[in-house]
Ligand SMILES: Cc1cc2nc3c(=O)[nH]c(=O)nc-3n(C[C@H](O)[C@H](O)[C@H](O)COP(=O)(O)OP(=O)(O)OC[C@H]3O[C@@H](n4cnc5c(N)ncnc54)[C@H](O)[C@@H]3O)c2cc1C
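Heads up, the chain below is alone and in the form predicted on its own; it's given as structure tokens.
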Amino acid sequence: MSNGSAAHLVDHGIEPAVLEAGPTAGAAVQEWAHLLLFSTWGEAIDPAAEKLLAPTGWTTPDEGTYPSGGEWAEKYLQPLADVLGERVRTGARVTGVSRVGRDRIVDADREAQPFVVHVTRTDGVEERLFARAVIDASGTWATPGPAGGSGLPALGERAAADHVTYRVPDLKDPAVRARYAGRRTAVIGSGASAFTALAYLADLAKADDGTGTKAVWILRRGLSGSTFGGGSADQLPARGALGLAAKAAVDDGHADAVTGFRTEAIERDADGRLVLVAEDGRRLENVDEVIVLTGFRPDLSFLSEIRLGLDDRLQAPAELAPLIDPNQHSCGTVYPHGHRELAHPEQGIYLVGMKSYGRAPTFLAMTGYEQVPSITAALAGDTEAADRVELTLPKPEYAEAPASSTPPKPTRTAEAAAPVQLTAPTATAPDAKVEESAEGGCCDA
């Protein structure tokens, strides 16, 4: 997303600086290299980036196929970073953003001051950069939701960290496979990430080296007709297939579903195995491992000196929040939006991509690719282009917004771009960003 924003900036004649906290482009994506996107190659490539890549001889992979995170990074994100060259700075972690000489409180002459961005390099050296605008595309990958049903870590969750993970495990990795083979694993979550984990564990249970593998699927809600998503009717086929695979894991006895279970504590029994305790007192005994897949949150700590206008529930831009509220919308019913909906009281700063959605799980790569040109055009002074609508999303037939949902607003498109583009190993994985929402989540790149 960040390099795509940079491509749009270059197209407008604006020189960007991309700050990547990881050692390579798409470092966060590499952390979920084994997972597939819900978007096909044709939907996972930004047109401006494709235009920048074309002179190098780069060609689009088969547009109808689904890339894994590793393929997306290797075949698209890294080549794009190579084309951008020195504009991309790796090993550069942003630790703070403010206005030069102005903390959060000071009003005087505030908007006339450039942004100052504090960066810590891998070698520990600190530096600062100045920019007229900042786009934060750092995602939410590094801030997963906890096992605790109240939004806080369960009592004992941190103490059990050696047996708790917040990622879908890569069971093709021998060491990871050995961790779960023949073990009883609790999977907490109700979206696509949980579906993926259940399907993976079921495959392991059926393998010669996985005898005795068992999953316990913990849902904070009850089972219903929509629990497993849209299946074959889903307009995102890859997501529908995940739901069907999870249902098969339950139907075939490789996973037991425990409903209405809101985890309050994680304890250890006399043998050192884990015991999950619910708010209502129920106890889930003899658990070896816990996979927590309850969504992700935006890291706002390094923006503490910036005046953001965020919704108090979703932590998304206030104007965007009603359009993406998972209580009302699936990814296919999210209205097109751009620079106006993504604006903040602090002019010149934008949260984009997955981070712009805060805690909402309804993000698709296509949405981000429409955010970028809008913001870029706005920064270039082309308001007409910034307000232009070009986004068409797939509508999942099983998750239409109810008639009482937020009424349509004037539609626009948009994404992100500005002289400084922030990216960290926090760009969310397509299958990893799934909160416990009514729709189960779209959760693409």
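Predicted model only: the values in this text are computed from it and were never measured. For every residue, the number given is its place in the sequence shown, counted from 1.
One more form of this protein, predicted in complex with the ligand, exists but is not displayed; see below.
(request) Could you tell me which one of 164, 308, 274, 94 places a heavy atom within 4.5 Å of the ligand in the predicted complex? (result) Exactly one residue meets the criterion: 94.
(request) Let me know the one among 199, 349, 375, 365 whose heavy atoms come within 4.5 Å of the ligand in the predicted complex, would you? (result) So the residue touching the ligand in the predicted complex, by this definition, is 365.
(request) Just one of 136-144, 209-217, 169-177, 256-264 has residues with a heavy atom within 4.5 Å of the ligand in the predicted complex, so point it out. (result) Among the listed stretches, the partner-contacting one is 136-144.
(message) I'd like to know if residue 295 sits close to the ligand in the predicted complex, meaning any non-hydrogen atom pair within 4.5 angstroms.
(response) Because no heavy atom of residue 295 falls inside 4.5 Å of the ligand in the predicted complex, the answer is no.
(request) Verify the contact flag for residue 37: yes if a non-hydrogen atom of it lies within 4.5 Å of a non-hydrogen atom of the ligand in the predicted complex, no if not. (result) Residue 37: yes, in contact with the ligand in the predicted complex.
(request) Would you please decide whether residue 27 lies within 4.5 angstroms of the ligand in the predicted complex, comparing each non-hydrogen atom pair? (result) Although the ligand is absent here, residue 27 would touch it in the predicted complex, with heavy atoms inside 4.5 Å.
(request) Evaluate residue 76 for contact with the ligand in the predicted complex, applying a 4.5 angstroms cut-off between non-hydrogen atoms, and reply yes or no. (result) Close contact is absent here: in the predicted complex, residue 76 is far from the ligand, nothing within 4.5 Å, heavy atoms only.
(message) Just to make sure I understand: among 48-75, which residues lie within 4.5 Å of the ligand in the predicted complex, judging by heavy atoms?
(response) The stretch touches the partner through 72 alone.
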